[in-house]
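Take a look at this single chain in structure tokens; it is the form predicted alone.
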Amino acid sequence: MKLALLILEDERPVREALRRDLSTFARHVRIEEAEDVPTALEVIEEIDAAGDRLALVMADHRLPGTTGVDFLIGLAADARAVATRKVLVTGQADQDDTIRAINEAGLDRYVAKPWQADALRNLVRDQLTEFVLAAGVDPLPHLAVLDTERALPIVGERGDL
């Protein structure tokens, strides 16, 4: 089982920039991309069918025909994504959109464009760790991409070290 990260972004250059900045995770995390919500839903089906876990979604706000906030609200009601961490990556969400995302989608973080690559990687590491801890996933196979200060005590409590 691999942890999966979904990038939902309609602009190809932005998707490519996110993937490039997160490439250090690619060896250990399944990184998927979608340019719209129907494609994102197909990707989530594929992740689930493969037995992987959708650990993190990074969604743009403005998408063709809908918003990232509406997608994240729908995702919050999906039983497969109960523990999935939700991050809005945008420069265009207004205060009302952001409040809806927090209150109705359980938004975990907000990243303003343009982002700083190191800060983005730290955020992803933190959110993957939060997912593993909240979902009760064995952290040992995923230590390379987790905050080891937070994950190792869980491994130690189990007696694996």
Partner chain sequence: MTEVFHRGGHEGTGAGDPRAPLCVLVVAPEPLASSIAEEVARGLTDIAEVVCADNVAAACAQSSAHPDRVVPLVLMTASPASPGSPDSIDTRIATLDARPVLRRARVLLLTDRAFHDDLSLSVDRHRLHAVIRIPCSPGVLAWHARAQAVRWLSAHRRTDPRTRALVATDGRPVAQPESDLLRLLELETQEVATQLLAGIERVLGPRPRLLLPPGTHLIHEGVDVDAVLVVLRGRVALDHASAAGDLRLHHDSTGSVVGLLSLAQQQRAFFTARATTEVEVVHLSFEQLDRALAVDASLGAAMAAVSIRALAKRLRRADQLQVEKTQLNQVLEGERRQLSDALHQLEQARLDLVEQARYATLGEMAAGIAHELNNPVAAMLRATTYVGEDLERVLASHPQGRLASEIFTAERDRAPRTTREERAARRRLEAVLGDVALAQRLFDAGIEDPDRASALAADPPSLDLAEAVAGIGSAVRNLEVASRRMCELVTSLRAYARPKGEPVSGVDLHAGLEDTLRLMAYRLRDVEIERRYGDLPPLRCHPGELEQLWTNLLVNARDALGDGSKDHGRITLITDAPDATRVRVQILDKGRGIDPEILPRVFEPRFTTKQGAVRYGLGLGLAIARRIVDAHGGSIELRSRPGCTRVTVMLPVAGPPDDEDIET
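Every value quoted in this text rests on a predicted model; they were computed, and no experiment measured them. Residue numbers count along the first chain shown, from 1.
Only in words, not in the display: the form predicted in complex with its partner chain, which the text now covers.
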*Interface membership of Glu33, its partner chain in the predicted complex, 4.5 Å heavy atom rule*: yes
*asked:* Taking any heavy atom pair closer than or equal to 4.5 Å as contact, tell me whether Glu11 reaches its partner chain in the predicted complex.
replied: yes
*Does at least one non-hydrogen atom of Arg109 fall within 4.5 angstroms of its partner chain in the predicted complex?*
no
_Contact flag, Arg121 vs its partner chain in the predicted complex, heavy atom cut 4.5 Å_ = no
*Report the residue, out of Gly136, Gly51, Pro114, Pro38, that has at least one non-hydrogen atom within 4.5 angstroms of its partner chain in the predicted complex.*
Pro38
*asked:* Exactly one residue in Glu104, Asp126, Asp97, Glu46 has a non-hydrogen atom within 4.5 Å of its partner chain in the predicted complex; which is it?
replied: Glu46
_Stretch 11-25: residues contacting its partner chain in the predicted complex, 4.5 Å heavy atom cut-off_ = Glu11, Arg12, Pro13, Arg15, Glu16, Arg19, Arg20
